[in-house]
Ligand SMILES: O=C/C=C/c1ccc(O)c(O)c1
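We begin with a single chain expressed as structure tokens, specifically the form predicted on its own.
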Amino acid sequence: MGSLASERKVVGWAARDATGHLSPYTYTLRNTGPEDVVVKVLYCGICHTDIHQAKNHLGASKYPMVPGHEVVGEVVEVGPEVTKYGVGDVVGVGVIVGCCRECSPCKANVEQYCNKKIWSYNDVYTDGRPTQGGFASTMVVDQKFLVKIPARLAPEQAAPLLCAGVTVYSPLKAFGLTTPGLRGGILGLGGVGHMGVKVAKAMGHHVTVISSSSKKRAEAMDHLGADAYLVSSDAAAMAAAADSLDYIIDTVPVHHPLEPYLALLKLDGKHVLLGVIGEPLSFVSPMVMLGRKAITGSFIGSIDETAEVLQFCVDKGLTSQIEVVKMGYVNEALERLERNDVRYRFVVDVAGSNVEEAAADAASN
């Protein structure tokens, strides 16, 4: 089992200000407790939320900040009361690492809706120590907020499922949208959207990808297996598709009109917002009233749902489409992600990037 050190210094790549530029940063991990697990980070996916947080788009960023919340790592030490994991296990860490455990969402095992949840980074633990994410050599995480990575799932492939994968899986399950034969729309074909296509198709749905241009048509149809492709600026095509969809999974992380997409929904159709947008969206109420339609949202997924989606992907033979990069490329990767130049998720090979050496080199220069 090994004995847990009370504190340890680790190296991560941190943003120091709202430029969002990341560079090596040495810091001390929080105190370890009896139910804590020390995780050597192997891989960490890059999410659009990392850009929002590093660049203070939401106005609440605190620096220095080590981003990263799609973390896959190896257990290297466990506390004396850890029962779920052992040294050598490959585990995942997602968006949250703490909750109150007493509120209704916590008791219902949907702890992602706890008002006292603790984010994987840009937050503080109950002891006041700042949380830091997976762009680092090591993390300390309570066993409750870990999931075991199935043996048949490559760790680099598993990383995006801890956020992008469960983010689309959770609302489909929560809103009763898992029945084969449903007709769904995936709005936006990025890291979350591409998993939306794969998960929905694996559930037996007819899937239409909705995009602002035709640039991704071949990718959507030929590579991801979408059934249809709809360009939102094509008024005739949009009109022809009116009242055709049971749901729309909206992954767009920037301001956009809702009315063109609400028109695509059938009676009782659901428009599910997944993108983090820092300004109000608007629509005229008859667009919702006249079809008894719903505009709703969903936030990542629970720990239980994360374990479910990992197994679902193993059972269905699903993988995320990724581009693996080293930590030294992370700033370029963030810039490319911001201009949507990735198919479809960057994953940082943290363990293979010698982050400690990078920090030493930076300190000597």
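Here the structure is a predicted model, which is why all the values come from computation and not from measurement. Sequential numbering from 1, following the sequence displayed.
This protein has a second form, the form predicted in complex with this ligand, left out of what is shown; the following refers to that one.
Chemist: So, Leu172, Met203 and Val314: all three within 4.5 Å of this ligand in the predicted bound form by heavy atoms, or not?
Modeler: No, none of the three is in contact.
Chemist: Answer yes if any heavy atom of Gln53 is within 4.5 Å of a heavy atom of this ligand in the predicted bound form; otherwise answer no.
Modeler: Gln53: contacts this ligand in the predicted bound form.
Chemist: How about Cys163 - does it come within 4.5 Å of this ligand in the predicted bound form, if we only consider non-hydrogen atoms?
Modeler: Answer yes; at least one heavy atom of Cys163 falls within 4.5 Å of this ligand in the predicted bound form.
Chemist: For Ser302, is any heavy atom within 4.5 Å of this ligand in the predicted bound form, or not?
Modeler: Although this ligand is absent here, Ser302 would stay clear of it in the predicted bound form, with no heavy atoms inside 4.5 Å.
Chemist: Look up in the predicted bound form whether Met65 has a non-hydrogen atom within 4.5 angstroms of this ligand, and give yes or no.
Modeler: It does not: once this ligand is placed as it appears in the predicted bound form, Met65 has no heavy atom within 4.5 Å of it.
Chemist: Could you work out which of Val76, Val276, Ala228, Val124 is the residue within 4.5 angstroms of this ligand in the predicted bound form, going by heavy atoms?
Modeler: So the residue touching this ligand in the predicted bound form, by this definition, is Val276.
Chemist: Would you kindly say which of Met327, Val37, Cys47, Val41 lies with a heavy atom within 4.5 Å of this ligand in the predicted bound form?
Modeler: Checking each option against this ligand in the predicted bound form, the one that comes within 4.5 Å is Cys47.
Chemist: 317 to 325, 302 to 310, 53 to 61, 25 to 33: which one contacts this ligand in the predicted bound form at 4.5 Å, heavy atom to heavy atom?
Modeler: Result for this chain: 53 to 61.
Chemist: Even though the chain is shown alone, can you say which residues of 114 to 128 have a heavy atom within 4.5 Å of this ligand in the predicted bound form?
Modeler: Read in sequence order, the lone residue that approaches this ligand (within 4.5 Å, in the predicted bound form) is Trp119.
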